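Below, in structure tokens: the form predicted on its own, a single chain.
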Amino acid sequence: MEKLIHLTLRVWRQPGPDRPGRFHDYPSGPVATSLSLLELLDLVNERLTLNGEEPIAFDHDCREGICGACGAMVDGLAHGPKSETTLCQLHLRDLADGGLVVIEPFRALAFPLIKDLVVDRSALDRIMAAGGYVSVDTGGAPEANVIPIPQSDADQALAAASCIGCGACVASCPHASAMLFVGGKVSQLACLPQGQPERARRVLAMVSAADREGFGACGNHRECEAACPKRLSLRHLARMNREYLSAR
């Protein structure tokens, strides 16, 4: 028989960016521990809709920990208390029975609030567009073994590319810095031959874009590394710093 749990959700409700907001409490009733937190929010929203009330707005898409669309603070932690887990993969079995769960949006100047738990994270997309891709004409796709890449370089590039752009690093940083995100995007191409022609322009453009968007500077707190659901290493940030100094 499946275990049941009782929770109280304390959710931040705000109709819009220019409207005042406050916390509202929602009792879960008995619910299965196999549910994810987002599925519990779905159940709460069903009840609110049936009662003629406004459902809670929150971001989600794949619900498989891949897309990076979901994101909120749970008990003061980005994506919740379980490490290497996205919000959609946080299950009720990871929470204490009878507990109070506080859910609020990511708080950062560069992530303006839209409604309830939804914030605008398009600043990360604009950083990517500023230089996070290969634009030089390389002709047709060559045979895979024509450009030999050491296994260690390939592993580092793949590790950096695991970033899903969820914004947890920004939300967890005391300075709301996006440097771990930028470091991952710079690092994944700096490790590969295909990224060499534009490496200097890329890092300068992406760091400048992050500054324009209002993200803070890195303070070496390492909260970003701890909050990242893909456990992106601070080594990528260090590589970005080296790339930036070299480009300057």
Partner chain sequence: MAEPEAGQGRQMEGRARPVRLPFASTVFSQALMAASGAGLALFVLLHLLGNAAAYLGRAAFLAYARHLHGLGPLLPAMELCLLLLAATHVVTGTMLTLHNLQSRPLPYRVKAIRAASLSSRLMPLSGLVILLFLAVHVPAFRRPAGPSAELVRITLSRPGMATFYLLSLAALTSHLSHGLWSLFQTLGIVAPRYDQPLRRAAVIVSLLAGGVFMLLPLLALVWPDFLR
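Numbering follows the first chain given and starts at 1. These figures come from a predicted structure and were not determined experimentally.
Omitted here: the form predicted in complex with the partner chain. The next part is about that form.
*Please state whether every one of the three residues Asp59, Asp116 and Met128 places a non-hydrogen atom within 4.5 angstroms of the partner chain in the model of the complex.*
No, because Asp59, Asp116 and Met128 lack any heavy atom that approaches the partner chain to within 4.5 Å in the model of the complex.
*From the candidate stretches 63 to 71, 27 to 35, 187 to 195, 210 to 218, select the single one in contact with the partner chain in the model of the complex, where contact means a heavy atom within 4.5 Å.*
Result for this chain: 210 to 218.
*Would Gly99 sit within 4.5 Å of the partner chain in the model of the complex, counting heavy atoms only?*
No, Gly99 sits far enough from the partner chain in the model of the complex that none of its heavy atoms falls within 4.5 Å.
*Counting only non-hydrogen atoms and a 4.5 angstroms cut-off, does Met240 reach the partner chain in the model of the complex?*
Taking the distances in the model of the complex, the answer for Met240 is yes, it comes within 4.5 Å of the partner chain.
*Indicate whether the partner chain has at least one heavy atom within 4.5 Å of a heavy atom of Cys173 in the model of the complex.*
Judged by the heavy-atom cut-off of 4.5 Å, Cys173 is in contact with the partner chain in the model of the complex.
*Touches the partner chain in the model of the complex: Val134 (any heavy atom, 4.5 Å)*: Because no heavy atom of Val134 falls inside 4.5 Å of the partner chain in the model of the complex, the answer is no.
*Who in 91 to 111 is close to the partner chain in the model of the complex, meaning a heavy atom within 4.5 Å?*
Result: Val102, Glu104, Pro105, Phe106, Arg107, Ala108, Leu109, Phe111.
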